[in-house]
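This document starts with one chain, in the form predicted on its own, laid out as structure tokens.
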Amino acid sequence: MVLRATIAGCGAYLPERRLSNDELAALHGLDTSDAWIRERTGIGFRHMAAPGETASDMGAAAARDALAHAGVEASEVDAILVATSTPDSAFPATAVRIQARIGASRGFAFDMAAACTGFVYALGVADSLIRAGQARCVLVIGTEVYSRILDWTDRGTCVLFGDGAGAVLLRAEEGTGAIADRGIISCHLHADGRFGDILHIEGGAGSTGGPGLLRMAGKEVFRHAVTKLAAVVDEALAANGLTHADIRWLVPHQANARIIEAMGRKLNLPAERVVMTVERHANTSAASIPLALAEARRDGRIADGDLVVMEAIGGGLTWGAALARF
């Protein structure tokens, strides 16, 4: 028998304020329109954090939702892994702030910074911890407040992002190790720092220039996204003797409708088997996959036994994919 990390619960949190494309353009005096944004990105709305609302506030709300969905008490949690590019502070970690907020009284907690790939990275680390026997109950959270790092004069970036948090509760279960068993099957993680400058935040806590704003070379990111995402999904399938036909659901990072649609075509998946929330949430970076998972799991689209592929690419460049059986 082998240990496998099963996804026992999914949780989500979106700030109360919901902003349409037209409202966003009017608020910041942008030379853009709903039609322009939708045609290029597929985005119609995004949620914006309230003044004073932090990544730990949102992450704690998503964590509580995931715990309730799993029927697990916070006292049972051994570890909390938080993927975020917008932490409350350099330290203490956003993860330990969430630990305190939800009343998780044991174990350990830490943050991971891999931009939009952060949730997949954190899922991979959590899976390894469970397989190694170092934890049996792990919260994996993606939480982002990108509204605080955007240049609101740059319509090429500021229209793309939103705020929110998503979480999954992983539990260790014994199984045979077969592909048909429930849980995380494998995670495949990559990075190439040579391309770090095509999507980055200027400066940071230790920078001589201080913290800055998000900058992106959109065409370059798009070019890397489609090729690298297709390659890493094929890598994950090949490692487990699977084919595109075995995939029941694609749950991608919600960066851009064009990238998501291109990935669906490469995997020969019809649109109805690709979970897409970008129209309503915009790009919530590390929160986008768990937000999409929570929605599709709660509304019944992702059913027990379904094989799900999750994939993401983000600043670094970082990219990765995870296979899971629900």
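When you see a residue number, it is the position in the sequence shown, counting from 1. Fair warning: this is a prediction, and the values are worked out from it, not measured in the lab.
Form predicted together with a small molecule: not shown, discussed below.
Name the single residue among A122, C116, A167, I98 that comes within 4.5 Å of the small molecule in the model of the complex, judging by heavy atoms.
-> Contact with the small molecule in the model of the complex is made by C116 alone.
Residue (of V274, L267, A70, I259) lying close to the small molecule in the model of the complex, criterion heavy atoms within 4.5 Å = Contact check passes for I259.
Just one stretch in 70-78, 243-251, 130-138, 155-163 has heavy atoms within 4.5 Å of the small molecule in the model of the complex, so which one is it?
-> Partner-contacting stretch among the options: 155-163.
Contact test, all of T32, R40 and F222, partner the small molecule in the model of the complex, heavy atom 4.5 Å = Yes: each residue has a heavy atom within 4.5 Å of the partner.
G11: heavy atom within 4.5 Å of the small molecule in the model of the complex?
-> The answer is no: G11 has no heavy atom within 4.5 Å of the small molecule.
The small molecule contact in the model of the complex: L199, any heavy atom under 4.5 Å | Yes, L199 lies within 4.5 Å of the small molecule in the model of the complex.
Could you tell me if V145 has a non-hydrogen atom within 4.5 Å of the small molecule in the model of the complex?
-> Flag for V145 set to no.
Can any non-hydrogen atom of G203 be found within 4.5 angstroms of the small molecule in the model of the complex?
-> G203 lies outside the contact set for the small molecule.
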